[in-house]
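Next up is one chain by itself, shown in structure tokens, the form predicted alone.
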């Protein structure tokens, strides 16, 4: 019997507040049609002073862990935290995540960093761990957020609507009720590039938007070509019922898919490629265009959107493209199970998105001053819970973890609300 390994459960936590990009366009004097039709973005999640990668990760993972029996919870023997927004140069955020989830101590804990590819590196590590120890489970969580500090430093105007907040948690086991991974079906491609630099949390320096687009496309083609060379009979146009991509913005995914169709299939006509995008890729974009780029978790937010919006009256194969700047990439595949949609529905992710507090532009800009607190290495401060009163009120009683303070010894303190 062939071993089945993959994602048993998945959940996304996408922050407590959002901004309609129409509001952003009006106040920045930007072309809203470009937001809607080129970037293909509708809303962005916005970081609040009491949110950080650890609180986001715990809030994504806790609903998954809470559904486990005590024995199942104790079978989690690996916790991997993927992020490019690290908080300490030594201490792994996986230890905080492990603590606040109340997991047993015979557990491997570590952090992974490679731009937006890190969560895929974590997922593949978890899959290989479970293959060697089938009775165990592994928890992989990606969590990242942009602070408005990036805007202060003058990011490209059309990058601002894509700067999101979020975390996706995945429980990996031999009971893959969400996604059964095609074992040893991987194409990978990477090289040295300076398309984006993130030398400190919340400080993007040296980003080259044009180069980043080119490396994304180069890696997409290279990783798919490698996958197709490894898997006999695989075909980009017909093997996959659905496709999910790392999604900095949906327009980038649309362009990548169009290019891949022209390179790897006989379909060249724009109208036919658009129909294929709408059918095979479109469902995976539904949540991404409401959140913005959440870096490590971007591909897996696309997967979550696909499961909630696709048609799964039968098991369906999906191809997944993961990309990380500077740069690493992987194309891999798996089967979304018939059980996936019902299981994910219990997480009520759409309701979570709809319940985010909708910021006015004045409230959004007021956060810029607060975010100066979060320069790397800052200590001895308490977060302003009332900076946006409506957002704070909106999460009360929801059992969410928030950052309370960072003391003089750099210890981070959290509270449940």
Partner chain sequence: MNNDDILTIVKSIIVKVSPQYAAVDIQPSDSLKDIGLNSIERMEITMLVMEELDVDVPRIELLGPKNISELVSLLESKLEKAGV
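Residue numbers count along the first chain shown, from 1. What you see is a predicted model; the values in this text were computed from it and never measured.
The form predicted in complex with its partner chain is left out here; the points below concern that form.
For the marked spot (311, 316 and 346), a heavy atom within 4.5 Å of its partner chain in the predicted complex is absent from each of the three residues. Exactly one listed residue, out of 337, 217, 78, 174, brings a non-hydrogen atom to within 4.5 Å of its partner chain in the predicted complex: 217. Though its partner chain is absent from this view, in the predicted complex it lies within 4.5 Å of a heavy atom of just one residue from 221, 241, 276, 182, which is 221. Looking at residue 131, you'd find every heavy atom of it more than 4.5 angstroms from its partner chain in the predicted complex. Looking at residue 146, you'd find every heavy atom of it more than 4.5 angstroms from its partner chain in the predicted complex.
Using a 4.5 Å cutoff between non-hydrogen atoms, residue 126 does not count as a contact of its partner chain in the predicted complex. The closest non-hydrogen atom of residue 210 lies within 4.5 Å of its partner chain in the predicted complex. Between 94 to 102, 165 to 173, 81 to 89, 255 to 263, the stretch whose residues reach within 4.5 angstroms of its partner chain in the predicted complex through a non-hydrogen atom is 255 to 263. In this stretch, 267 to 299, the one residue having a heavy atom within 4.5 Å of its partner chain in the predicted complex is 270; the partner itself is omitted from this view.
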